[in-house]
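Let us start with two forms of the same protein chain, each given on its own as structure tokens and named structure 1 and structure 2.
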Structure 1
Amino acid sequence: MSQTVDRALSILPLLAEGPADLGQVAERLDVHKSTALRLLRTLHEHGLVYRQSDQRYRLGARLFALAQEAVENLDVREIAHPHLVELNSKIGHTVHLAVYEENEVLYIDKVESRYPVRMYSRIGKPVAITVAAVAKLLLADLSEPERRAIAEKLDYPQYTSRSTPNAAAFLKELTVVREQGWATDLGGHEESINCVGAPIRGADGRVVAAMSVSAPSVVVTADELLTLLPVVRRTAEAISREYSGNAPT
């Protein structure tokens, strides 16, 4: 990267901290004021910075518009799919990707198990919101008032003896999921199906999607499935890094 471009880009995180005058910019960049002014003028011409009436500079509206446009054009499914396929090839079990939209949690991608026993989940189909691991992950990221409002409106079907019984129990589990950063469904929807999941986060740290690995107990026990949690979380973290544009650590 050229020195000029590097210096110009270094101004943006400085102004993200708050408005700064010419002297502060020059000091941070360790350049003469004339150089800093030239860089600021270029950024100003492109709408990336704005000069206030007090002669201080702040981030420009064009920068926010570009960021919003980039976020809107991100397709989490497109980014996640190769990672889901790779995970499936390693462990062999069904892998799902889900999002929360209009008060429903929907599967938006699925990679089938290589084992003969298959799951009947379908892309575009709502999940069992009170028991599914992906649903718990997506709802756990909401604010406490939002979680409570949703929980109190839900019905709590008793699919199995392990299904979530009521709103109080659901809210308690969402709190645990929020703190630990992963979720399970161990026979809560179907007695013979177990699931572990992890969240996918955007650049702001909020959960934008959730992924899970599911398997019937005739193929792998619940305890054996839980041993896959580290690789599930690593996959979710890799998707999060790519989706948010953060470099791998």
Structure 2
Amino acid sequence: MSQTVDRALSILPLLAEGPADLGQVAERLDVHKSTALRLLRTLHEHGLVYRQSDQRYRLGARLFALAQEAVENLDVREIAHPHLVELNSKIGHTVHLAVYEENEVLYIDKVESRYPVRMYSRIGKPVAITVAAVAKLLLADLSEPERRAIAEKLDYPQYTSRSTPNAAAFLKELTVVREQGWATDLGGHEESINCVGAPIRGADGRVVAAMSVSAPSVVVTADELLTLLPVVRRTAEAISREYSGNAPT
């Protein structure tokens, strides 16, 4: 809508990939160097961009401060966090919390597994939306036309042989998830990783966030993981109660 601002903001994800110099920025934006310079300067004045000693540009401290405030405004996270930690201390596996926003599902919290196993997931990073248990939970709560609109816009990358193959299969899966009130991802993203998740609902019953427990099949089989479903659901329900103001405490 605003070309100038649009260009300026396009610089941010570009710099998130790593430092870049003026020429590289200008080239990626497809504008003249002088234009890129002025945009960068403006971003710099606002502290969103930092100029390191080799003159290259990077994202600046103010961005981190803003991000911090942004995440603090997501108060689900605050409320959920202690519950997630408690669940993790009980069962040991990695626990995730995610929200849906603007056609994306984002991890907003994560409690690492106590087992020495690395999982590829990052707080703040978009989730593999077509396969992740949390994504299914969040999308399943949307209205039918919204679900369909999104499902048709998505790509369906075949991470593994068990990945959701296409829009039709995805919509069917969402219907199932919607009805049963929980979701799984059995090797759909990484062959050896299974997840089981449950929705967190606000006072109006709508799903505001989703949580999941993930574990590699070398530690627990899918069947064993499913035995954790009740405790996962109880945790999600406890968070929902507290979030919607029905805290027993």
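Definition used throughout: the rigid core is the maximal C-alpha set that superposes within 1.5 Å between two forms. Reference numbering: structure 1, starting with residue 1. Computed from a predicted structure; not experimentally measured.
Identify which of the two structures, 1 or 2, is the form predicted alone. Structure 1, which is the form predicted alone, differs in this respect from structure 2.
Can we say the CA of residue 37 moves by at least 2 Å between the two structures when the core is superposed? Indeed, residue 37 is displaced by 2 Å or more.
Rigid-core frame, C-alpha of residue 226, shift of 2 angstroms or more between the two structures: No, its C-alpha moves less than 2 Å.
Taking the rigid core as the superposition reference, indicate whether the CA of residue 49 shifts 2 angstroms or more between the two structures. Yes; residue 49 is a residue whose C-alpha shifts (by 2 Å or more) between the two structures when the cores are overlaid.
Supposing the core is put in the same place in both forms, how far has the CA of residue 60 shifted between the two structures, in Å? Spelling it out: core superposed, C-alpha of residue 60 shifted, distance 45.1 Å.
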